[in-house]
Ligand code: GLU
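First, one chain by itself in structure tokens, the form predicted on its own.
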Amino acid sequence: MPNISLAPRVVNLKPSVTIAFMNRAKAMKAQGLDVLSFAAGEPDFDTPRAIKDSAIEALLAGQTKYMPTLGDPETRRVIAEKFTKENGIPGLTADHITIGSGGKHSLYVLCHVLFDFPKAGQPQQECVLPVPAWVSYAPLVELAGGKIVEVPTTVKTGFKASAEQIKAAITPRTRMVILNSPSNPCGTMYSPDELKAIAKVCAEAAATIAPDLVILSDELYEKIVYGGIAHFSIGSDPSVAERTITLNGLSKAYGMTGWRVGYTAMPGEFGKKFTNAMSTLQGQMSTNITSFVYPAIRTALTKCSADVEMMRKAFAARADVINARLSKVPKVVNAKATGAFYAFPDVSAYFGTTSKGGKPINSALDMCNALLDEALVAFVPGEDFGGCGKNHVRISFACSEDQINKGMDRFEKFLAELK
């Protein structure tokens, strides 16, 4: 075998723990095991028929050629109008919109547009990130040359960072502040007042010590809310509107995970500069997304509100079930799910025990491995989400109420048998 090496940045890159447990659960099910998986952040609903029909019609009509890198003008205009009318983000046109191959791809591109590796003698650019947070934020920022500055949160605060915490974390090296509401993995969300307070400290910091500060607001779960908290886009706040990139897509609210559609919006003159830079980099990577998907995007955003509301109500009912069940599990501490489709309970009271099958439970990873092997229930361990995540497990309730109840029955039995 030749002595050939791989790039260290890839060798040292952690695989996604979410995908790892999802794939393991699928493999076990393929072997005929009765696995109940709560690992994937994927709605169990099919894509609405009108969206499918739009793509099929475009495909049959011959819309199969290259398109402009960031999407055709009509689709970008529809997205701009959505952000203007629904999110209240001012000053948007089609020229402020990017369309990429899923939210994760858009995030990868924007990180490389904004961050760079420091030259000799220069400080490393920083990204302020409340944790626990989605597992891909930190790796993608670091791949682009940035440094993560964690802002710790707890289950008692609903996993939300305060404006004072954000202010304390910002330095002259701060390039980006990432906010995710509703949250993956936490299933909680910031109130409008909390986000306005964060906008104020970011605006003040940008005017004094951090002139290059940009806010990234990940709002992929914006339509999946049910806890009485109104969704608020921080990019609608005039004080930070032209410093905020709003990231969104069709995966979660429209049941379109496999379609790979993500998009960003950033108003103002810098917003156009940012969008052009996204186009340049994406043009050297993937160019446009699949050509016949563009009409489906327009249909989703303009004609499928009833389908989205049907799914939202189903997630709300499931949230009621999981919140009620977790509140009754001895020694488990849970923040009530109010958005997205995740619960993120603290299970650390059970560390230091041994499973019925003889496996030591000293971490969330230990618990999830034993739970899958012995009870055939797949949760995601919280270590890779950062901060207090090491004491938690993520439970995706994007599945039927019947599966939720069966899974919780097995989980409670598993915990009761720990010694």
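Being a predicted model, the structure only gives us computed values, none of them experimental. Residue numbers here begin at 1 and follow the sequence given.
Just so you know, the form predicted together with glutamic acid exists too; it's not on screen, but the next bit is about it.
Asker: Contact check in the predicted complex: 134, 221 and 394 versus glutamic acid, with a cutoff of 4.5 Å between any heavy atoms. Do all three pass?
Answerer: Checking in the predicted complex: 134, 221 and 394 are all within 4.5 Å of glutamic acid.
Asker: Let me know the one among 367, 39, 70, 51 whose heavy atoms come within 4.5 Å of glutamic acid in the predicted complex, would you?
Answerer: The residue in contact is 39.
Asker: Tell me, which of 264, 244, 184, 153 has a heavy atom within 4.5 angstroms of glutamic acid in the predicted complex?
Answerer: When glutamic acid is considered in the predicted complex, the option within 4.5 Å is 184.
Asker: Using the partner position in the predicted complex, report whether residue 342 sits within 4.5 Å of glutamic acid, counting heavy atoms only.
Answerer: Judged by the heavy-atom cut-off of 4.5 Å, residue 342 is in contact with glutamic acid in the predicted complex.
Asker: Is residue 104 close enough to touch glutamic acid in the predicted complex, meaning at least one heavy atom pair within 4.5 Å?
Answerer: Yes, contact at 4.5 Å.
Asker: For residue 403, is any heavy atom within 4.5 Å of glutamic acid in the predicted complex, or not?
Answerer: Taking the distances in the predicted complex, the answer for residue 403 is no, it never comes within 4.5 Å of glutamic acid.
Asker: So, residue 252 and glutamic acid: in the predicted complex, are they within 4.5 Å at any heavy atom pair?
Answerer: Contact with glutamic acid, yes.
Asker: Pick the stretch from 62 to 70, 39 to 47, 357 to 365, 26 to 34 whose residues have a heavy atom within 4.5 Å of glutamic acid in the predicted complex.
Answerer: Careful reading of the contacts points to 39 to 47.
Asker: Would you mind checking 12 to 27 for residues with a heavy atom within 4.5 Å of glutamic acid in the predicted complex?
Answerer: If the 4.5 Å heavy-atom criterion is applied to glutamic acid in the predicted complex, 12 to 27 yields 16, 18, 19.
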